[in-house]
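Consider the single chain below, provided in structure tokens and representing the form predicted on its own.
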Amino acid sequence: MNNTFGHRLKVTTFGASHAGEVGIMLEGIPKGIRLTADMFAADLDRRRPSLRGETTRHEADIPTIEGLDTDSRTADTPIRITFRNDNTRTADYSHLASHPRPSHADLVQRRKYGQEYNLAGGGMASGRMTVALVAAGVVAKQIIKDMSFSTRLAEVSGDSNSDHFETIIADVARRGDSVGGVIECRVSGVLPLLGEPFFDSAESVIAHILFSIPAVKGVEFGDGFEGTKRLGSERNDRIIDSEGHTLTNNEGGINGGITNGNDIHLRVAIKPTPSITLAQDTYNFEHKSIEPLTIGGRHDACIARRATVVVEAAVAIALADLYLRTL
């Protein structure tokens, strides 16, 4: 089962959490971009679980890249990047077909794609799929090399003090629960005039791919919802030079759907993972009654922490697609 995003840079995901592999197909990449496995290591390491409260599922995540020429450069063919799934425990998910997780995609995926759909690990709705998105982001950054990214975990459970994050997550993990967070992404060196005024506005394209990341429940640009609490005279970004730079950046670098040359600034809300070990009363379709559900498997207590690089990758893919539309 595949899903495709993009107009000029087309990104297609395939595979599933407990399938033999997950991967991404990239079409429309300019010729001559050199890609080697070591170029992916830094971003893949940012996604890799390593801290308390993170999943104990560990995969090698060594990319296999197909479609390059003999000098490891892009040519006129699509690029296919795959990752093996070797550390799976499918039995942990066998009961979820009849007793689906609350707030998860188990029920809707099975109803949409049929009883044979493999729910193990969450199927296509699993965070495992984001390894392919991170790989695509690495390629996208090679297309928009003049743009630089600064992405961080800004809040955990409403707390913005990063010194508290690990303690909060570790405590939640000990209790078998989960917690959400907010990721902040800033992009500098953005070319002006990317995006269109309406359906293909820069915000629309970026938000489109951001909402494909499992657990994303909100996206705001600039001062977002906080801006609704201020007067126009207080929050308007006043132009200070002939290039269009502004004194403030409450619009998040985008006016009328078009980038204005200032930094793009956005925040992404990541919900607490539904996969918790605390028992939850929810409907059992086999027994036709509400019963306690205990979930096995290996899950993060705060998926927002490892999702920072995923958010960055998604924004890079969107901007690379918008940039290629201008050529």
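Here the structure is a predicted model, which means the values were calculated and not measured. Position 1 is the first residue in the sequence shown; the rest follow in order.
In what follows, reference is made to the form predicted in complex with another copy of the chain, a form of this protein that is not presented.
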Within 4.5 Å of another copy of the chain in the predicted bound form, heavy atoms considered, which of 39, 269, 44, 65?
269
Pick from 95, 104, 141, 186: which has a non-hydrogen atom within 4.5 Å of another copy of the chain in the predicted bound form?
104
Contact test in the predicted bound form: residue 85 vs another copy of the chain, heavy atoms, 4.5 Å
no
Just checking whether residue 35 would be counted as a contact of another copy of the chain in the predicted bound form - the rule being heavy atoms within 4.5 angstroms.
no
Any chance residue 60 has a heavy atom within 4.5 Å of another copy of the chain in the predicted bound form?
no
Classify residue 169 as contacting or not contacting another copy of the chain in the predicted bound form by the rule of any non-hydrogen atom within 4.5 angstroms, answering yes or no.
no
Another copy of the chain in the predicted bound form - contacting residues of 236-258, heavy atom within 4.5 Å
236, 237, 238, 239, 240, 241, 242, 243, 244, 251, 254, 255, 256, 258
